[in-house]
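One chain follows as structure tokens, the form predicted alone.
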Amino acid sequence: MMKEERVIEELRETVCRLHAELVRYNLVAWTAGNVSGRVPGRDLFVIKPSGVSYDDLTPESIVVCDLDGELVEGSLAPSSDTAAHAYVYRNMPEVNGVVHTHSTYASAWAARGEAIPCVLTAMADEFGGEIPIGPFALIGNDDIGKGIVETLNGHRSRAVLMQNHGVFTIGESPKAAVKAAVMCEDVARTVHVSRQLGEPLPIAQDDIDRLYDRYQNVYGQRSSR
């Protein structure tokens, strides 16, 4: 097997496995939602096929598309969100993973067209501020992708709530994008519950900045220098 073929095979395996995390964290229902990953060094990405049950997903069923969203390899039709993923990859070269969910609490904020305010240290850590709202857009062309890119360009958040639709997240890897989707739903739920009890207390911008810097640059294990 050629090295390039092996890279794509491993990415298909990774992306297939990550779909199980969407189910495990209750971020999807039935066949909705998808994970994609950019093929390193190539104008290609892999993505879930359209309408296939999560139980039936295999690495072989994950399809390969070019950055125009056209099918390159695979026997199944790509996700209906492929055009949005492709637009993100074309316009955000630093992004190597994209996730879409209709997770309940985050989608409820999207249905109201309301950003999730940064009132939790976990939000400051992960998203560096609020989780913003993107514009309403119909599925099937570049409109959703344009809304994602326009909203997240220059924004710390790796999640956007597309109005009346759901969540899109980005990451330096497919796993990082899945983590952002999990955290987005977690904070959406907590902030929603908080608002049932009263008005959440804002966090000062300077404190948000410090929390974000610590989490991104200090938290966790670092290789020894």
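For every residue, the number given is its place in the sequence shown, counted from 1. Nothing here was measured: the structure is a model prediction, and the numbers come from that model.
Keep in mind the form predicted together with a further copy of the same chain is missing from the figure; the text below concerns it.
Although the partner is absent here, Pro49 lies within 4.5 Å of a further copy of the same chain in the model of the complex, judged by heavy atoms. The closest heavy atom approach of Cys65 to a further copy of the same chain in the model of the complex falls outside 4.5 Å. Within 4.5 Å of some heavy atom of a further copy of the same chain in the model of the complex lies at least one heavy atom of His102. Proximity of Thr121 to a further copy of the same chain in the model of the complex falls within the 4.5 Å heavy atom cutoff.
Using a 4.5 angstroms heavy atom cutoff to a further copy of the same chain in the model of the complex, all of Thr31, Ile139 and Lys175 count as contacting. Contact residues in stretch 162-196 (any heavy atom within 4.5 Å of a further copy of the same chain, taken in the model of the complex) are Gln163, Asn164, His165, Lys175, Val178, Lys179, Val182, Met183, Asp186, Arg189, Thr190, His192, Val193, Ser194, Arg195, Gln196.
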